[in-house]
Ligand SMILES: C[S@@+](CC[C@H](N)C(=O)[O-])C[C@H]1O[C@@H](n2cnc3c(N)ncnc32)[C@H](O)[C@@H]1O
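What follows is one chain in structure tokens, specifically the form predicted on its own.
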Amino acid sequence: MKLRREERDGRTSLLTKNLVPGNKTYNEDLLIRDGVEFRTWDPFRSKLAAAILKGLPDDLIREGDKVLYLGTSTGTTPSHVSDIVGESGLVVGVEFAPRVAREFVENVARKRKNVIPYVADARDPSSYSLTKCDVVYCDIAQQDQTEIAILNCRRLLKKGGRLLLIVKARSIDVIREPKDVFREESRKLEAAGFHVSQMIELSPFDKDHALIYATY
């Protein structure tokens, strides 16, 4: 089991099986369960963890999956995705900002054999080498974040593959109600041929953010 839930202090906590025992990516705790090392997964630092705690199915990213991760930042969530896909899977991480990308390379990619980093603009998928993937995860705080996700899915996501799109409402429109922004981005996906299965607002973990799960 790569992902497990525990009840701790009256709350549900997420843990991922550590692919690199003894190694931490951020300030997470390392815990031994049934003789195996797990890492705590902080929903206040990871939108994916927040979404899972708020009802996203646990199995949308699976052992052996190939994941295209757009907007890795310093690598908190990608490190847990790396744990979940395991040695037989692959995480291709794309980050545009060079300073942030350096931290991602040092903290995550150099220590995990199933992670390949690219310092690249996600608006140009031809700049990173990848065959068709099982999952596209997009967390890019840009006004055209949904269009960037669609562009990458059309080029690199398998038919029937899964898109997990983080929508930051304030990056798209600072005036409109976030719920209206989330609905509009969802409609863009449907107009592009996606089937939207779920939209989860991430408060109280992340204000004015939602995760949209869709299949292509």
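This one's a predicted model, so the numbers in the text were calculated from it and none came from an experiment. Sequential numbering from 1, following the sequence displayed.
There is another form of the same protein, the form predicted together with the named molecule; it is not shown, and what comes next is about it.
- Within 2.4 Å of any backbone or C-beta atom of the shown chain, none of the atoms of the named molecule lands once it is superimposed from its position in the predicted bound form; the pocket counts as open.
- Interface residue remark: residue 139 is counted as part of the site for the named molecule in the predicted bound form, having a heavy atom within 4.5 Å.
- At a distance threshold of 4.5 angstroms between non-hydrogen atoms, residue 123 is in contact with the named molecule in the predicted bound form.
- In the predicted bound form, the named molecule lies farther than 4.5 Å from every heavy atom of residue 117.
- Within 4.5 Å of some heavy atom of the named molecule in the predicted bound form lies at least one heavy atom of residue 100.
- Proximity to the named molecule in the predicted bound form, taken as heavy atoms within 4.5 Å, picks out 65-73 from the listed stretches 30-38, 185-193, 154-162, 65-73.
- Residues 94, 95, 96, 97, 100 are the members of 82-117 with a non-hydrogen atom no more than 4.5 angstroms from the named molecule in the predicted bound form.
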